Structures are given as structure tokens and as C-alpha cells.
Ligand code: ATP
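Only one chain is included here, represented as C-alpha cells and corresponding to the form predicted alone.
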């Protein structure tokens, strides 16, 4: 049923080495699920009855990571495989290996168990399947295979309790549903509505990781729409899509553009998407009598980023990238003398130009400015000069007065 040729050779070699040392070893979770659904896995995770310390002794090129969930990363020159020990989820000895807060959220879970116990601590039945590439057998949760055939996301145990233990499971249910084109079980839907607010207590670093998985996997628009339908979008993006029609369209266009780039094997970065998604927030903070106030604009950039950072961490390396895209939206409107050449040479020009096209599309503009910059990029110096000289003085004055931001574009 599963073709071993589609599995990482390095992952198979790790399982063989575990078996040689008298330990169990299985591919587990998403990679097994995706292989059964005809998808190509991005990662190959392994589960074993060897403790992290025992795994570390077997593989020299490895390191133990994590406190909440202790794992081992085994690596070679080109791959990194995550190896997790079977967990029980029951701290019978009460020695502090399983710690929960008052809401029931798991803070630490390092109680080792066997495969059956590990099966029941996983989130959904479709993720509780284990595959041995050596014996070519699939084992695990009794309903796992059935729910894959039914195309249904079903919780292992009471989803309200499970989502209290880890609120991120609500985001995972939505992501898996769209990725696999599976329906979400009714009980999970009820749990999302009831326990979704617990996402406010999740660390911003972990939610940034979820942000990237949800919006940089090729299904950004679809995921955002479903998140919005459950009222969970506010835990990943500060911008309210219902604020006005332009904001709604801009967010949709930005997410759709990300999906198209991934489909066409083009690069994507969370920095660009964050810049696009937060643009309406920045403009709202910068307006004075329906015009952009430059002083407010520059003062508001850090404020808008800090607000987003509170819910999803924004790595510092993206801060200047995001700000450059924002500032260039103003500079793209200034096309006097040598300014277009300076703007064109800016390292973030292409990203800013792409965002300009997204803004124009969202506003149903005639794409005058976008077309001008398209022509400027593709033509020789003589035509570049004529493009600058042909700009009407009246249009320049209006552009400099409002920086070209029509009421629709902002």
C-alpha cells in the first residue's frame, strides 16, 4: 500500500539501526497519512521505544532538543529526521514528567510508554498510524485507516479535553481538513468554537510556526477563510478582514498571490506576507483627513509590528524587510528625475512592486502606476527617460500631495 521508494532513505536507515539495537522504529503521523492519501510528505518523523538518551547513543550525529516534548534530531549532510520516544500521557508515578496548567494545557509531557499508549495521546486518528518500512506493515489506532477512507478528521478522545490540553490542535484540524480535503467531525467543530479562545495563551513563537504552516503551504486563502469562519483568524493576524471591503480584498489577494507563487515553484517569505496583511493596519494608523501623514506613517510601523508580534513572533530578520516594502510603497509614487532609478536599484524593489500590483488589484484600479513600473523595468534607458519625461506635471503634483493613495487604494 505504501511505496518505500517515496520514503527518505535516511529515515529508513535510522529505523534499521534502531532495530539492530533491539528497539522498535516506525514512521509515524503526517508522513504515513500523506503517503496513504497520495501526497508527497515534507518530513519523515520516527517513533521508537528507545529513550532520547538511548537514541543519542546510537547516532553520533544527533542532539536532544526540547523541554515540553523531549525529542532527538538525527541528521546527516542533507537531512534532519525527528525521532520521538513513545509517550504514555499518564504520570502514574507523579514525579513531574507530565505537567498541566489550570486550564488543562500540557506544559511538559515526557512520560515514556509503548506504541499503544503513544497512539492514544496523538491528536487525530488519521495521524495515529505507524508504518514499518522493514516489515511493510501499518499499525496504530483502530479507526485511523477507516477515517482516511471516510475522508474525515476525527479526534482521539474528547476533542474539548484534547483542545484544552493543546489549543493548537484546533488550527491543525483546520489545516489538515483543507490539505487533505477531509471533512471536520462535528465534535471537533464544537470544540473549536468552545476552546478556540485558549489560543490566546499559546506562545507567539509557536503561533508563528503555525502561521508559516498555515499560510506558506499553498492553501493560504482557503485556510484563512476557514479560520475566519471559526473566528480563529484573530489569533494569527491582527488585521480584521471585515473592517472594510478593500481590507477584505487586499488580504484575499495577498493570500492568493502566495498560493500562486508556491504553485509556480516561486519563492515565498513570511516577511512579504506579513507586510501585505498588516498594510491596512498601518494605513489606518497613518491617515490624517483621509491623507497619508508621513510622520504618523513612520511612527506607526514599529507600533503595528509590535502588535502583531504579541500574537505571532516576527523574527527580527524580517523587520527591516517589512518596513522596506512599506516605505517603498510611497517611493514608487515618486517618479521625478533620478528617483525612479534609485527606487529600481533598491534590494526590496521587486517585492515592493509585487505588493503594488496586489494593492491595485484589490482596489480595482486601472493599474496605471503598476503598468508604468512594469514598462520602466523591461525597457532600455531611452524609453526609461521618456517614461519619466512623459509624466504630466498635474499628475505629479497630485501624486506628491497624496503619494498616489486614492481612497480605494488605502
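Numbering follows the first chain given and starts at 1. None of these values were measured; they are calculated from a predicted model.
Form predicted in complex with this ligand: not shown, discussed below.
Residue contact with this ligand in the predicted complex: residue 285 places no heavy atom within 4.5 Å of it.
Of the heavy atoms in residue 45, some are within 4.5 Å of this ligand in the predicted complex.
Shown alone here, residue 166 lies within 4.5 Å of this ligand in the predicted complex, counting heavy atoms only.
This ligand in the predicted complex comes within 4.5 Å of no heavy atom belonging to residue 52.
176 is the sole member of 176, 246, 208, 318 with a non-hydrogen atom lying within 4.5 angstroms of this ligand in the predicted complex.
Shown without its partner, this chain lists 121, 73, 234, 256 as candidates; in the predicted complex, only 121 has a non-hydrogen atom within 4.5 angstroms of this ligand. With the partner left out here, this ligand still marks one of 286-294, 300-308, 139-147, 123-131 in the predicted complex; by a 4.5 Å heavy atom cut-off that stretch is 123-131.
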